[in-house]
Structures are given as C-alpha cells and as structure tokens.
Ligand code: VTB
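Next comes just one chain, in structure tokens: the form predicted alone.
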C-alpha cells in the first residue's frame, strides 16, 4: 500500500513539474518583469508573490511553504507555514522565492529569477529566515574536496588541483557585501579571480554547475538561509556539492531555529540534508542572465525561458515558451 501511494505521488509530481509548476514560475516572472528597471523593489516583489500564490493554489497538491521569502526584509511574502494548492493531492514541501534578486530586477541587472522547489513532505530543511554560510561547487569533483571548515585558500587550491589548472584559473563567486571583505582579500592574495555579484546567490550557486559557460568554479560566503535551501534543491537535481551552516547571532534566532525543527542550529548541513528525497526545481528568467533569458514583451507575445529539473531522474528541461493569449496570461485571476 505504501509503495502504491509513493508511486501515485510520484506520478502527480511528474505532471506538476513538467508543465504545471513551470506556469507557477512563468507567471511570477512575467509579473515582476513588468516592473524591472522601475526602481521599486517592494512593488516588483509584491506582484511576483501574488502571481505565484495564485498559480500554486490551482495545483492539485496539499502543499506547505517551508521556505518562504520576505521576513528579514519585511517584504510581501508567501509565508512559512502557508498552505497552498487545492488540498486534494499529495502532501509536499515547497521552497520558493517569487523574485530572487529584487534589487537586480529593480535596477534591470542580470540574473533575476522566479524560483521554486518542491519535494515530498518532510524533505526540505525548514530553515529560518537568517543568514547561512555557504560553499558550493558543481559536478565532476571528488566527493568532499571542499569544506566550510577549511580555509578559503585550501578550498580554492583543492578545486584548482581537481581541475588540474593553476589557482589563477579558478574563479570564485562572492556576494559583494562588507562582511565578505576578508574572503575577498584572501582570494586576491592567493591569485584566484573573483566574480562579485550584487544579489541573487541562488543563481550564483547554480552557476558553479557550468563553469565553461558562466566562468564560475566555486561559490563562497554568507547569504540568506532560505536561498541556501533553494540552491541545494537545484544542485540535488543537476549535481554538485554544497554545505551550509546557519549564522545565529541572537537567542531569538536560535530559539526560532529550534522551534522550526532545527535541533542543532550550529550544524554543518550537507546538500542532501537541506534537500533530500525526490526534489523538483524550476526557475524562470526575469532579467537576462548567464543561465536564462529574461521575459520578452511584444505587441502579441510574451516570451519566457524556464529550466525545470528533477533529482530522481537527473532530467533537466529547458522550456522556451511564447504565450499568445497576452491579457489572460498576464492578468487572469
């Protein structure tokens, strides 16, 4: 009976994650893209949230948002614990960011995305909205060659050795934040290259999976914990290695993490501990980027590009779509 139920759930997830879940990120991306370059982060986030919520509530799932967005920045949110879907399908965990890179979208800079991950109930780390120290590399490396507890220099040297290239040929992606001054200094003293990004560390981590295209070999530094879980979900599908550790600075943050089921807030989480089981990940480009093209508008078409992945099969689908029913796609209720 349990096996039959699992098969039924898997069948439903297949259907959701090939077409229906793509519509979720497409709608959020289109809504946000209408406001890209307008300088209003909260407005862009709000319309993306509204569009994503509307589409999620049409899916035949009993979904719970375990990774929401907006608590730290007091932005509009699909809040942690929110129930979505028709409540008539399988129980699933959902991690999402309707607008990954709100500042990027507001300034119309590269790599803003609408992102979602879905997994069987109990499979995604229910991380509080605090910061997370992260390290990530793409597929094809020996297991365990990088580690959060190793020095920046040792991690970069390990990547260079595994690639059989000089350290100067390795590029590290780092969020451009004052808190990363020491990391940046260490990387430059070592002679490696740095790709500084202003926002959007989900995309930054995913870029490690295709260094020939993106030029990024390793991701280092502190970003949002929710974004860490989303990135781990993506790497589970396409390969790579990642570790994350919550950055807990107050008793309130520690108590909140424990109340959300994180029994050891100081734990170094592996990729598999952040996103286990059968995981689906989808992202649609809002602005143009290394991985995805942004939304295009014409008088008669809305064009989108989406990537959707599944961990159990390793399948990665790239979906370029032209939406001809312009008004319905953009504004339906």
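Residue numbers count along the first chain shown, from 1. All figures in this text were calculated on a predicted structure; none of them were measured in a lab.
One more form of this protein, predicted together with the ligand, exists but is not displayed; see below.
Visitor: Do all of 100, 131 and 175 end up near the ligand in the model of the complex, with near meaning a heavy atom within 4.5 Å?
Guide: Yes, the whole trio is in contact, each within 4.5 Å by some heavy atom.
Visitor: Given a 4.5 Å cut-off on heavy atoms, tell me which of 120 to 128, 238 to 246, 195 to 203, 166 to 174 is the interface stretch with the ligand in the model of the complex.
Guide: The contacting stretch is 195 to 203.
Visitor: Identify which of 179, 188, 251, 87 has a heavy atom within 4.5 Å of the ligand in the model of the complex; exactly one of them does.
Guide: When the ligand is considered in the model of the complex, the option within 4.5 Å is 179.
Visitor: My question is simply whether residue 224 lines the interface with the ligand in the model of the complex - judged by any non-hydrogen atom within 4.5 Å.
Guide: Output for residue 224 is yes: heavy atoms within 4.5 Å of the ligand.
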